[in-house]
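The chain below stands alone and is given in structure tokens; this is the form predicted on its own.
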């Protein structure tokens, strides 16, 4: 049984099981830390979105809170000039490969990118970086959901739930670097893949990449 320890986050003393990841301790205590790729049940967090940086007293540089285990007496700041710069840069890099048309997105007003922007005073538009301007075809399952890759943030939540919860393995990551994408095995159409249309991947998506069509959309919102 894990020992309960006490730590300080943003001048608030909180308790948590020793060894729990800092991100989940903060969120469970209503202390918001931006995140997209974090999955609590995942054994080895990927830390790929680079949005959950925090400052831990005694460490030489900010760390990703999804990978940092808590310990007794730890002192954490979720906002410092260095942390804010790292988060802002990661956020702007995500936007450079994201179709920024919020008004026409099915997830408008319930998108995790919008939540992060509000929480950190960030703009949902590009300043320092140019848009990669990628255009992708819209993938559709037979009437259940759509996949708009131009809005995908490569968080991996859909891939994880497909493999670890649904136990299907219809989708995964392909390629590397700027060409990295979520796709079906062999990049075939969804309706020709092993997809069972359970809808778990859609519910896991934090942005507007995966969306239910028609009447199913109200089920996700509810």
Partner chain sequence: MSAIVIEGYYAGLKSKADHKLLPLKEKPVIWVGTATCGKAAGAIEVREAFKKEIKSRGLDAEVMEVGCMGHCYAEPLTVISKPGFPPLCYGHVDEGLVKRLVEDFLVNDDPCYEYAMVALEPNDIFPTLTDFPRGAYEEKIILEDCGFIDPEDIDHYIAREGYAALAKVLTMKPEEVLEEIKASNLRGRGGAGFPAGIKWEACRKSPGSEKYVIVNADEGDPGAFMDRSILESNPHLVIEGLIISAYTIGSSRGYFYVRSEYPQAIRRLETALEQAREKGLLGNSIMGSDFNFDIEIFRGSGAFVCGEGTALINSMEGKMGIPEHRPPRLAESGFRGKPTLLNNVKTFAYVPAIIRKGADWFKSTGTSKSPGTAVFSLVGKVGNSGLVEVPMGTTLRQLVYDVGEGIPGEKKFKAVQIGGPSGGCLPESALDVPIDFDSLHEAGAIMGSGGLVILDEDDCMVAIARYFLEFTQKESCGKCTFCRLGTKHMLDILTRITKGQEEDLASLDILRELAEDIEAGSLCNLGKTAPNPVLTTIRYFLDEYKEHIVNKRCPALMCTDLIAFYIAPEKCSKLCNACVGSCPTEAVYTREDGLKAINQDKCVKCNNCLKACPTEYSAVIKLSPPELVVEKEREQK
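Numbering follows the first chain given and starts at 1. All figures in this text were calculated on a predicted structure; none of them were measured in a lab.
Although it is not shown, the form predicted together with the partner chain is what the next lines describe.
Heavy atoms within 4.5 Å of the partner chain in the model of the complex are found in exactly one of 192-200, 159-167, 63-71, 22-30, that being 63-71.
At the 4.5 Å threshold, heavy atoms of residue 40 stay clear of the partner chain in the model of the complex, well away from it. Interface residue remark: residue 153 is counted as part of the site for the partner chain in the model of the complex, having a heavy atom within 4.5 Å. In the model of the complex, the partner chain stays beyond 4.5 Å of every heavy atom belonging to residue 102. Although the partner is absent here, residue 76 lies well away from the partner chain in the model of the complex, with no heavy atom inside 4.5 Å.
For the three marked residues, 148, 184 and 204, no heavy atom of any sits within 4.5 Å of the partner chain in the model of the complex. Taking a 4.5 Å heavy atom cutoff to the partner chain in the model of the complex, the contacting residues in 46-73 are 46, 47, 48, 49, 50, 53, 64, 67.
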